[in-house]
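Two forms, one chain: they're shown below as structure tokens, one block per form, named structure 1 and structure 2.
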Structure 1
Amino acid sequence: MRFDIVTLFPEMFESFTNCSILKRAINKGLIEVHFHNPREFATDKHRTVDDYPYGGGGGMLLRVEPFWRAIKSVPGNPYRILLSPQGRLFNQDVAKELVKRGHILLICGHYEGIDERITELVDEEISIGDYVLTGGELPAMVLVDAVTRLIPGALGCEDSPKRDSFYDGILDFPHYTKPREFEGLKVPEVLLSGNHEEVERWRRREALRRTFQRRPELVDKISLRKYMEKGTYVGLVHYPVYNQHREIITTTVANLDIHDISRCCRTYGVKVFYIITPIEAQRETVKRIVRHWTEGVGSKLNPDRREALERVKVSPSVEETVRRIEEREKAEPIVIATSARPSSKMISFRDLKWRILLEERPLLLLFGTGWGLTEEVKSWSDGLLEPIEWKGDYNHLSVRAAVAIILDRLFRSV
């Protein structure tokens, strides 16, 4: 990996490049760092690199010519990055992208920045965060440091096991070393137990707990899938549900729901899609439709449909559905009801993620057909998910659309 750095203050990098990890990476020949000072490319007798901005407004700007020539003097074909407060925010994903480039040119500005025309030579602008620094040198060091440690061999601890991908995108768990007790502060007992499985469980829980407490916005970005040990189930309830007069009724199973929701369930990794109806004839009809697509003519005609329909099962009641999941998973599911109407006892998407991750139980999401799940089902469930709302006065999503949106909100990763 080669870094070329265009800076008016190369001496700022001295202690950085002479420091442990960077120094070692340089000595091992893993990275090369070269500096180019625009001042040496200034042609006037005073070697000026700055001037007043056109249009006034005070402050000083860096002139385009010395920077232009410094950039052009760099051999090869580096990926050119201007460190600037207007740039794309730097993060670990950007670092991973950059390490693949192999050759990077970093341009550091100062004062109010460089004449805008310099961007003609730049592939991308990068910022390291929304705070104001005095120049691009520290950001350049941040970037070099983050990228260098991604180069195989740079960290010099190859034999340390690769970190479990479980922890990608969430915060670290707490670490302890000797002594066991310091100023009355004890190391958590579980870490001294020697029970590796227990230790791992504790670390995962702590990592998740800290992420929820300190960086809830990270939780919105992660997919639940990776962190769930138990399965997710969707139940489409045809009884007991309301009709438009708020009478409790049994609705007819719609073929459209069987197809569309099973495909959603397949897409988002739901284990079983239960169609819940007490009417046996309806259950038989569902089974016949499913057989057509999983065993019959339809399965050969359309194998994708088969994969989806394979996870459709019928069940006579919500209670029976819960029993079956419990038997299958050897754990009681968290039963979450959904509703278009706000009410008390509601749980937000963020809190539901939190519960699913911490309780390590299977999840059953219940959706009502007709005019929605009855109060009884809602109060009997462990939680009522907040309604999907959009600024507006119309709130009549089809149950198929609601399933799709809710599964996406819980399981997508951004």
Structure 2
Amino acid sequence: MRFDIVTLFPEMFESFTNCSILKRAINKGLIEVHFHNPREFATDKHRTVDDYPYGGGGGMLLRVEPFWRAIKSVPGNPYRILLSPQGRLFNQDVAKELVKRGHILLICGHYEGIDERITELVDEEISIGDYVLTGGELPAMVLVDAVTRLIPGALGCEDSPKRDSFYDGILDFPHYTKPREFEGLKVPEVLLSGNHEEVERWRRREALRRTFQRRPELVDKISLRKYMEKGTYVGLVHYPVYNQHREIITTTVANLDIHDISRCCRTYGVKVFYIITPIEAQRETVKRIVRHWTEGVGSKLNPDRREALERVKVSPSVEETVRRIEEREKAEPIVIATSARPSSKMISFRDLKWRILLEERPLLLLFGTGWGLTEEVKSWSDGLLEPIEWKGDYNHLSVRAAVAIILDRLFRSV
């Protein structure tokens, strides 16, 4: 990989490129680092690179001509990045994007900034944080270091980058070495057990615990699918549910619900979509519809629909659904009910993610038809998910829309 750095102070990088991982990567031929000083492209006898800004104001502004020429002098077709507090915030995901570029040109500003016309040559602007530095040299070092670590062979162990904080969206787990006890502080017994499976499970759990305690906002951004060992299940409950008079009834299964929710479940990796009704005739109707799309003419006409409908199963009750999941997963599921009404038993999306990740149990999401799940079902469940709300007092989503939004919030990484 090649880095070209346009900077007025190339001497700032001398110790940076002659130490530790960067030096080894350069010596191995894994990276090249080249510097281009805009002063060498200035045309006056004083090699002037700055001037007063038009319109007045304090400080000096970097001139366009020397920087333009310095950038244009770089051979090849590099991806051009201006280090700027106004740019996209740099993080591990951005580093993973940039390592695929192969050739990166970094432009380090200074003083009060750089002539805006330089941005015509730039592919994007990147910031390392919401603060202002004297120049772009330190951000350039941060970016080069973070990207270099991801190049195969740059670190001593190939798995090292994957162990780093933020690599998969969460913080790193705690690390220990000799001695086994120091000042009364002991190394956790599991790390001394020799049981590699238990060690990995402990590390995963501790990484998640540390993330939730120290950086809980990261939990909002990660996708559950990446970390869940057990499966997710959706149950569409037709009994017991309420009608508009708060009477307990059984609702009719709708063909549209079968198709739309099954497609949602396939999209977000749900293992089984259970349609829960005590009426045998309705369960047989669902089976007949599913067979048409998975075994009959429909399977040949629309393979995508077949793939979605293959996840549809019927169940006579919520209790039987839980029993089947427990039998399949060898673990009792976390049962979460949904409602458009707030409740004292309410659990947030963040807390639900946290619970699923730490408890390592399957998840069953229950959605009500009609006018919603009965209080009996809600009280029997392990939690009631916070309602989907927006500004205003209208909150009357279809169950199909609710399923889509909830699955997206849980399984899409931000």
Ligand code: 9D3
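Everything numeric here is computed off the predicted structure, so don't read it as measured data. Between two forms, the rigid core is the largest collection of C-alphas that superpose within 1.5 Å. Each residue is numbered by where it sits in the sequence of structure 1, with counting from 1.
The form predicted on its own corresponds to structure 2; structure 1 is the other form. Annotation for Ser315: C-alpha shift under 2 angstroms between structures 1 and 2, rigid core superposed. Gln282: CA moves less than 2 Å between structures 1 and 2 after rigid-core fitting. The Cα position of Asp145 differs by 2 Å or more between structures 1 and 2 after fitting on the rigid core.
At Thr17, the distance the Cα travels between structures 1 and 2 is 3.3 Å after the core is superposed.
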